[in-house]
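In structure tokens, the next block holds one chain alone, the form predicted on its own.
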């Protein structure tokens, strides 16, 4: 006799992971087999690694009819999962099935890894099949109009399957009051690379975090932990290492989703970085939706990664690339936005914060204006996400991309956020393992997001450590980091303004993040970089992957200082001392 759900809960209560697997096998042994005649292609749940068949018996014709689920598999452990599913669903009405919190059941049993879209073990497919049958019955029985049914399902799915627990509403506030003052020296001691002594005897003064931030010890330790203790490929093995790696990998996804206030963990796609993420959007969404005669709107301040893909898409699709004008101090000229944002604008691709000017763009106002003309908004968050509060619900952006290595995390991993409906509209551009639902000789079909966009082996260790980096930022205090960077930015600008012949590009400190880019008359940025390096001050020189912007400004190269949580006033003093030396060494009087 099959057990009830409460009896299964009781049996599972004191079992460790290995014993749970053995118990699932025992449950599978006790499950009655489905007759061979019922194992048809029509009853098969497709897209599973094991073979699964499922049928339903409905007692009654109206919306009070009760469902009985009968399923079977060629995998005994999946049969055990089926036993849990049957105990959960059988005897319920269609509406009760749609409203039932099946995820809570598997979380309570510590078997949640079996129900994720990334696991092709058939359980998620069975849940979706049962939900589909329940919806069809509800519609046919006249218990609800189709739109209402869809609303029930949509609300239920977001609430019981993918909604993040504890996700706050609204935009994070960085009010100066009630924000703890950051002790940058204490923070610096958490970064091993910054605690060393250089050959010249000084400590490194790292002012290039806009390119890549350094990593705290906790992130380095997390990478080592994964490699040394439980490394395995994600979403492949159900053995102990495989289950642990899945928990860590998906746990990082959840951490990042909460950090962005994303509505769903399925909105978070792991990528190799911002560049790949933006190219995925331009190619996967843009090629499908941008038509000849459409317009793509961006700005001259964009990083090449958020300019060239749209430039190339415009050429390919016969669209027009247009630019939002800038003000004299390097901000978007919002007074002229209506002249370039029209009902023909299919995409607005804009940076949240300029990597050269430091300009913080008014994303919410841009989105509000874009909504009035039906434009999709893509935000390059490479610089903004590490330094500014990001709330994708409040901001209402369609897509957002950023990189882990600018957020105190590892290289080789980034995030593509997309509204669920936008991800549904987007085609994958990389094909292979994991992202498929079914592959036949003639055709293939894809998994749901995010798996659809995560072909092959992901940067597993780096993704997990990115979750740790986000946790480090949150524990340190995002508001405190931001306040510290803003104070340091203001002081840096004020001290640089005392340098003879200097031009600082971009707006004042009130409208910029922790990036200051400048040029000094009579000193080439490359020569200045060499002098700074001699003094242990590490800053960037060049065009910073913003050649159109440098052309617009009439300069070939600039020097860039970019700040982070671990920078101090002493770092700025070291910068100023090195610049003073450069003036004496390089400027001819």
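Positions refer to the first chain, counted from 1. On a predicted model such as this, the values are computed, not experimentally measured, just so you know.
The discussion below concerns the form predicted together with ligand PLP, not included here.
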Discussion item. Residue-level question: is residue 235 within 4.5 Å of ligand PLP in the predicted bound form, judged on heavy atoms?
Written reply: no
Original post:
Is residue 216 close enough to touch ligand PLP in the predicted bound form, meaning at least one heavy atom pair within 4.5 Å?
Top reply: no
| field | Partner proximity in the predicted bound form: residue 452 to ligand PLP, non-hydrogen atom cutoff 4.5 Å | value | no
**Item:** 4.5 Å heavy atom contact, residue 407 to ligand PLP in the predicted bound form
**Value:** no
Only one of 281-289, 375-383, 505-513, 90-98 sits within 4.5 Å of ligand PLP in the predicted bound form by heavy atom distance, namely 375-383
In the predicted bound form, the residue from 79, 422, 331, 303 with a non-hydrogen atom within 4.5 Å of ligand PLP is 303
Partner-free chain; cross-checking ligand PLP in the predicted bound form, the single residue of 273, 428, 467, 125 with a heavy atom within 4.5 Å is 273
Checked 338-368 against ligand PLP in the predicted bound form; residues with a heavy atom within 4.5 Å, sequence order, are 351, 353, 355
